[in-house]
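Just the one chain here, the form predicted alone, laid out as structure tokens.
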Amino acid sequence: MRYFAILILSFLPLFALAQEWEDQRVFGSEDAPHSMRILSSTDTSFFVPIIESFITQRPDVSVEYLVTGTADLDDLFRQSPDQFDVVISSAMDLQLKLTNDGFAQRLDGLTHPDWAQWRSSLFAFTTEPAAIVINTAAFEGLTIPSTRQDLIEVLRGNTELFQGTVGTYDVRLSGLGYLFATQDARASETFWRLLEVIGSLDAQLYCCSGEMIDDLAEGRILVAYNVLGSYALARADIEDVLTVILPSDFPTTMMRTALVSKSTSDPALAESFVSHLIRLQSQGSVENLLLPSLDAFQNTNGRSSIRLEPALMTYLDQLKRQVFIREWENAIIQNQ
């Protein structure tokens, strides 16, 4: 299926001219009578097979796929909800708040498990764990950590090796990083002890999983904490370089979600894409799907460790966020 990058942006709305997209591509024919814009935090490579299979069924549709970070995505969509048809993000809490604030179209025609949707308006289509990812060669002769406490011990015992070579999300910039950090903090005090150790080693802070994975592969960092495991597992070109560890002490697993903008000009078309997305991810009926299925990392009670429920929005309260960010900065930014 043919797709092409947009090089000239003169036809875009004025707000988009100032927006620096991480990626921006159009799939399908330039002459297609129908078009759809998807705003997403997911790297384009993960969605190529999904969009191409959709266009195979709907050759009358072109799809513009726009990628930005989770926090920027939330801000941009709130400012211009009429400019996008479908919104896809890994930041479950921000997506739930968008839905709760009335930005999402209700899709009563979609059948989905109760635990994987919110008010027939927000739909999960993957479950993906936060992982510890390490540069395998750097750990030769060292104990491979299986828990957060194990990671604390190996970092403390090898400070010279790990000085300046441990990466994690900058939660001030990353919506997903903030989600993972707040959920870790709710689950265990070990999180704060680990964060202080990482901070003492001059932590490298990132906006995105992809950048952390790239730096791990190049040896610029040796450990990435709370990186998306799916991004590392999808990189077949570096599978011998990295080791992905799912901590056994407690899981932090998010669900990637999609919603249809309540301001879309073509709700039926947008709904058909979300339905297609859910069906593909549940059935695995298309080759080369890179995102894990909805039940890939479910625990025994049939729910992900982070649930689609009102409590998810607790740390989005402005005062709570300010307090959390201040505590996070005190722990992680020690040498600046």
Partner chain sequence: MKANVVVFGSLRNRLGIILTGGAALLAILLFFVVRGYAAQIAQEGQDNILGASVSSILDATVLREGTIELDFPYASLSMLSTSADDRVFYAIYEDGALLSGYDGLDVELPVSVGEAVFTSTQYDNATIRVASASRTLIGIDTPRQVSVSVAQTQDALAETLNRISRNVAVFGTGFFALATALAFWATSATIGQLSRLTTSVTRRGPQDLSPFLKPVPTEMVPLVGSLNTLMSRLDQSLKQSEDFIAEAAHRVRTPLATVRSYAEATFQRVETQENRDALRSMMRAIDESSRAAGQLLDHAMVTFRAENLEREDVEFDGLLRDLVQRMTPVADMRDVTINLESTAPAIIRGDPVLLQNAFRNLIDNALKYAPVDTSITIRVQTNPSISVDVLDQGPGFLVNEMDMLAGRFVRGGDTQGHIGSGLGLTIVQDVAMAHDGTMVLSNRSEGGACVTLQF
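Numbering follows the first chain given and starts at 1. Just so we're clear, the structure is a prediction, and the values are computed from it rather than from any experiment.
Just so it is clear, the following notes concern the form predicted together with the partner chain, a form of the same protein that is not shown.
- Of the candidates 100, 163, 265, 146, 100 is the one whose heavy atoms come within 4.5 Å of the partner chain in the model of the complex; the others do not.
- Within 4.5 Å of any heavy atom of the partner chain in the model of the complex lies no heavy atom of residue 20.
- Though the partner is left out of this view, residue 320 does reach within 4.5 Å of the partner chain in the model of the complex, counting heavy atoms only.
- When the partner chain is considered in the model of the complex, residue 119 lines it closely, a heavy atom lying within 4.5 Å.
- In the model of the complex, at least one heavy atom of residue 315 sits within 4.5 Å of the partner chain.
- Stretch-level contact analysis of 168 to 176, 244 to 252, 91 to 99, 151 to 159 against the partner chain in the model of the complex, using heavy atoms and a 4.5 Å limit, identifies 91 to 99.
- Contacts between stretch 184 to 203 and the partner chain, counted in the model of the complex as any heavy atom lying within 4.5 Å, involve 186 alone.
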